[in-house]
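Quick setup: one chain, the form predicted alone, written in structure tokens, and binding and motion questions come after.
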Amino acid sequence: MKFESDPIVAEKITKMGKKVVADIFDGNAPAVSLPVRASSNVHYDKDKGLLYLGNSMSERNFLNFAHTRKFMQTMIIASKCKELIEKGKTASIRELYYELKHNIPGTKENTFEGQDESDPLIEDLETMTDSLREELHLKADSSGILFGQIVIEDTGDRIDCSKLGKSGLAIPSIVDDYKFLECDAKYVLVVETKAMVDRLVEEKYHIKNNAILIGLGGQAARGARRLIKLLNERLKLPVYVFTDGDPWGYYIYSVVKTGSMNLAHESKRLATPECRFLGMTMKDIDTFSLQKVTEQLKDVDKKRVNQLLNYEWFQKLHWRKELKSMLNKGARIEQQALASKSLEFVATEYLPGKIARKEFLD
């Protein structure tokens, strides 16, 4: 696979390597600079509705004993990415880990003891080269699924997503090469849980309502977030997010909308500020008489609610009211609780009614 950015990214990695070599020949400690990827260096742009990485920088110095191992690991990951770019190959982050994991000659040390060591360094390399993971020819595991009235061209193959039955289209890590050939959908509905997607597909919600369904299966993966962004950006489709009524679901919505703290350097590419929250909400409990099917807030849920209340991007009056109402009720509500009305209720009344009445939070 080739990208237009390949020569630029390869040159950035080469430049980083040449700087390290120059440090050695000049008698200096080999070192690289990288942005600080910590919450203290993540900021919220209220006007754009996006999280972004600040200007704070740190140094990774080979002669600093605390940095030596990470410095070595950073260099071999960078070298492998340059090799992938030059060969036009793409590797999963799991494949990269196994390809680079080996014993260092003359020592009892391994280059990596686990993928939890290599994954954060890939993100470091993204920020160091101001590149995307995909531009480094790396991809994460696929996560997310799409159903709906849209025809996509993927590397020459024509995929009619309306004819994929109950399986849908698995969303890959890299979607930028997608071409949207036809689309009859009116909007995109992003759904947190796989069980709810299965219910909506069985009820043929996406067909009856001319919608594109995107199932996240939990927290939104990069490929799914990028695809949501492209559907909104290229096709001008409104995006509605449907999650559980708990702090974890609300945070999933905020990640789709504003970006995440871990990937603040990619918010412009991954986040969709125009998306709107459809439910579940604390108001739903009373509106639809769901009091008997709520779940009690656990201590960990309460702690998470208070964390959200402190996030700058949750300071809008309606969100503060929603989160405080959750604490006051001491309750959370799952999407599947709507089945207490009937299996069809979510598809025939709850979602169409809310959209028609424009009952959104943003």
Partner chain sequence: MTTIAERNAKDHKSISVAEFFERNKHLLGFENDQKSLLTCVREAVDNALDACEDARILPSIYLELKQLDPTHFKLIIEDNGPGIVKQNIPNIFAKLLYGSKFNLKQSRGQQGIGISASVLYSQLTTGKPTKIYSKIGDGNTHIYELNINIKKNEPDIISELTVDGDGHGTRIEMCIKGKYIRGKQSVEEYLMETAIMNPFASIVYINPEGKQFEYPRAIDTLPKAAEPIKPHPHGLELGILMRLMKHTPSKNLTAFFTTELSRVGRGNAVDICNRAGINPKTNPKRISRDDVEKLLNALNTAKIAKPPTDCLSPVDEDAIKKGLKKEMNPEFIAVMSRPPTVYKGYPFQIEVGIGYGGDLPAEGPISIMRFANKVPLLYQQSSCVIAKSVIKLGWKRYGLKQSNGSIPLGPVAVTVHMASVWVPYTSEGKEAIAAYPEIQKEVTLALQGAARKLGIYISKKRKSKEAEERLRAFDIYAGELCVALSDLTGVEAEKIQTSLKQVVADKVGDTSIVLHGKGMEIQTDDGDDGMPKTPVSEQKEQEENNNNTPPPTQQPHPTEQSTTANENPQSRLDIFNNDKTKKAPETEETSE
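Here the structure is a predicted model, which means the values were calculated and not measured. Positions refer to the first chain, counted from 1.
FYI, the form predicted in complex with its partner chain isn't displayed, but the following is about it.
A.B. asks: Quick one: is Gln149 in contact with its partner chain in the predicted complex, heavy atoms, 4.5 Å cut-off?
C.D. replies: Gln149: no contact with its partner chain in the predicted complex.
A.B. asks: Should Met57 be counted as a contact of its partner chain in the predicted complex, where contact means heavy atoms within 4.5 Å?
C.D. replies: No, Met57 sits far enough from its partner chain in the predicted complex that none of its heavy atoms falls within 4.5 Å.
A.B. asks: Considering only heavy atoms, tell me if Pro30 and its partner chain come within 4.5 Å of each other in the predicted complex.
C.D. replies: Output for Pro30 is yes: heavy atoms within 4.5 Å of its partner chain.
A.B. asks: Whether Gly17 contacts its partner chain in the predicted complex should be assessed with a 4.5 Å heavy atom distance threshold; does it?
C.D. replies: Looking in the predicted complex, residue contacts with its partner chain include Gly17, since a heavy atom lies within 4.5 Å.
A.B. asks: With the partner absent here, would Ile13, His102 and Thr107 each sit within 4.5 Å of its partner chain in the predicted complex, counting heavy atoms only?
C.D. replies: Every listed residue reaches its partner chain in the predicted complex, so yes.
A.B. asks: Just one stretch in 267-275, 178-186, 129-137, 78-86 has heavy atoms within 4.5 Å of its partner chain in the predicted complex, so which one is it?
C.D. replies: Checking each option against the 4.5 Å cut-off leaves 78-86.
A.B. asks: Exactly one of Gln307, Gln315, Thr68, Asn328 has a non-hydrogen atom within 4.5 Å of its partner chain in the predicted complex; which residue is it?
C.D. replies: Comparing distances to its partner chain in the predicted complex, the residue within 4.5 Å is Thr68.
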